[in-house]
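Consider the single chain below, provided in structure tokens and representing the form predicted alone.
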């Protein structure tokens, strides 16, 4: 079979080949040149928006699609095994080589086609190549995936994916279908380079492109506005999410206090919940998470409560959703709500604690001082018990910060965020105007019982470690960590894990329990994922304990004691 290379600007093949060219060069300037020339060639605004959205590491523009595709590795694995007629062991071999499923699929398809051609059996390649894919067709298939919910949805998703893969014209198309769906582009194209490419393609300055993207958080839309000379229309508007302002970190109250030039400053509790923007316009409500996903349907009581605010016809709040019943409840209860399609009376009650006002009745407030925004916010009448204001007060010393930190922890919250009262709201930026103070809960000595190969830059090395504590003569798993070790330590651990392997499951290995780690964590929660019945929240490796044997690891009883001693627990 002769491969036909598609010159059409809107073809997915051209997108894929462009991505390969970008990945192949280490030069940032060359990456920008290649991408800008590709963007100029996209004549249709819709194709331009889709391409830039994909290149920015998203399937859909933020706020424009209610449901994500919800296609995980397991679904892709099943489909890939079927379309390539490959066994799990064969697919695992390719996966271990690259550390991402897209590249594994490309290599697997290429080898299958070569073998089919050499043997004179073209049936495999003929079943794959039917018609060329366009950007719009791929995007519409992704939309169909997002709409496939409920009974039979997995079967429907597999059918859609099989249809997509059957229409590829070069193996790299299959690779980038997977890479876009799994948010694993990894072609050396960070968002900043996409912005530079848009600026070069449409003769705009980088600062104006970057500012527009920070405000509307939609790189595809910004590219279309840039081409049409309408970047001035990139404004903060209700029902369209904006990037969140982020906080720097400090280890102590003293070091935090020294970061600020202006005193007094606002200090507020750091809540253990979901950061959320609440948007209202003409009676319509939308709620967006920190990753700009629309989560309105998961919190119907918050949507209903927001509609009861009568003082403003349109506004945007920034705040935190927490599980709350007279006192804070476990974050785990909040997570469960995000995994459910329908609500029930057994759901944990929630409360939205607002701490900032970004927009009010036709005017963006992000350039106003925090003190003025807070004053405007406090004039709203928020409907209890589903909404309220965060605890905010002025502090003037490290001692006051330390005292309020202890108060926050005693109430079951995570710590503090301290803010310059004169600071504007800077979307998408982390700086010293907001600084958080948060301490880890405790550490445990644990032993590694299983491990997995990493992704991307960690392809080919074992970097994910499942660990356990002792329970009498048994070991019980309490978590998994993949952060905290240096590249040199990971390389060394890879050889150690291979030498200790009891069972090789492909990308995962069961190992002899010998390597002891000290892990830190923020909380312990009840979990049915592990045989211990518990899971560490946000575990990270502090160090490898070469000085300790498996006989010296901590016990499940200690895990239970820490859990019972938490202020907030399930």
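Just so it is clear, the structure is predicted and the values come from calculations on it, not from any experiment. Think of the rigid core as the biggest set of C-alphas that the two forms share within 1.5 Å after superposition. Residue numbers count along the first chain shown, from 1.
Same protein, other form: the form predicted together with a small molecule, not shown, and the subject of what follows.
With the partner removed from view, the residue among 498, 458, 378, 290 that has a non-hydrogen atom within 4.5 Å of the small molecule in the model of the complex turns out to be 290. This chain is displayed alone, yet in the model of the complex one of 147, 96, 430, 307 has a heavy atom within 4.5 Å of the small molecule; that residue is 430. Though the partner is left out of this view, residue 179 does not reach within 4.5 Å of the small molecule in the model of the complex, counting heavy atoms only. In the model of the complex, residue 355 approaches the small molecule with a heavy atom inside 4.5 Å. Though the partner is left out of this view, residue 347 does not reach within 4.5 Å of the small molecule in the model of the complex, counting heavy atoms only. In the model of the complex, at least one heavy atom of residue 436 sits within 4.5 Å of the small molecule. Only one segment in the set 163 to 171, 414 to 422, 210 to 218, 357 to 365 has residues whose heavy atoms sit within 4.5 Å of the small molecule in the model of the complex; it is 414 to 422.
In the core-superposed comparison between the shown form and the other one, the C-alpha atom of residue 46 has shifted by less than 2 angstroms. Core-superposed comparison between the shown form and the other one: the Cα of residue 28 travels less than 2 Å.
In summary, the C-alpha positions of residue 324 and residue 558 diverge in the model of the complex, ending up at least 3 angstroms farther from each other than in this conformation.
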